[in-house]
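Next comes just one chain, in structure tokens: the form predicted on its own.
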């Protein structure tokens, strides 16, 4: 097949890498990054109508959409108008991520367990609700904020300040013109991913992400500093509850809303006393969760996405390797506070067969200059290790980190600590 992947991060690189290993497809990336050009061909066509025409003229058999913004902007609808096969939700279904207000109201309407909440654009109403709550208090901007539009306020004054900044446009511009205020749930968090075709779904192993910049979950939130899967904190009973109480009613509900859900449904779950409560939905793979899930798939990745895009998931018997994966994000010096100077990336020649055969790098914020790779983004790359235990996978991932060098590099040293403590 000719396959086009939209996006430029580690998520898109890892999907491309998994498909490349199948040795039977031609890959294209839009726009891709400095390393995706080693897997396929980078193109740069930002207009979705033009891109659809390009896909048609170049006989693209499957398009896979990585990030949320093109989905919310309707790239899937445009491609389908051109009779192209594309994996991802329509603009109407992508509102599950595009608007937190919409998402919370869908959860409420279809009796899907979630935290008590208020959605409003009225400051006085918000303040009155905050005064009735226990702390901490969660304040969320309604629109897309690249994973940074959530404030966990440790006092009522801090919650009110967050609301004021969002509604005034000071924090997140238009994305904060509506806010969701909700109760804080005390439990442990899971990332659950379901591949959906509107009617059917396949669940992938549950992962855990590490959002904060520093060891021990300290410092500001980031796009994610590492992840591991499968997590031992989930069992068959929790999977079953997520299926019955969350995925099935969501797929049925979205059909009733006239927006059948196709693509990846990313379910942010908080497990409170054994009960899964939904924090949020995203309409694409998490990053860096995607980087650790792709190598765990025994089923060809291209087949999974193609059957998802052609409403044929029911015919697929999905197979997962009997392994664990750990991904450690290596970030640039000033992340997440400000941009850093470009820095050349040097990877030592790996002679240790264990590292050679059980690890790889997924590249994200990189550019190619005269055949050299430079770190140019905040999250530069992900070192992924696989193993028969979480500890073995983690040790391998960190061994690979030791082989990668660029000025100002930094990473957390405790990825997967929840599973190993």
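Residue numbers count along the first chain shown, from 1. Because the structure is predicted, anything quoted here is derived from the model rather than measured.
Form predicted together with a small molecule: not shown, discussed below.
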Heavy atom within 4.5 Å of the small molecule in the predicted bound form, from candidates 95, 211, 202, 307, belongs to 211
Interface check vs the small molecule in the predicted bound form: of 84, 130, 91, 150, the one with a heavy atom inside 4.5 Å is 150
Only one of 183 to 191, 249 to 257, 169 to 177, 338 to 346 has residues with a heavy atom within 4.5 Å of the small molecule in the predicted bound form, and that stretch is 183 to 191
Applying a 4.5 Å heavy atom distance criterion, does residue 280 contact the small molecule in the predicted bound form? yes
Review point. Just to confirm, residue 270 within 4.5 Å of the small molecule in the predicted bound form by heavy atoms?
Key: yes
With the cut-off set at 4.5 Å between non-hydrogen atoms, does residue 234 touch the small molecule in the predicted bound form? no
If we define contact as a non-hydrogen atom of the residue within 4.5 angstroms of the partner, is residue 242 a contact of the small molecule in the predicted bound form? no
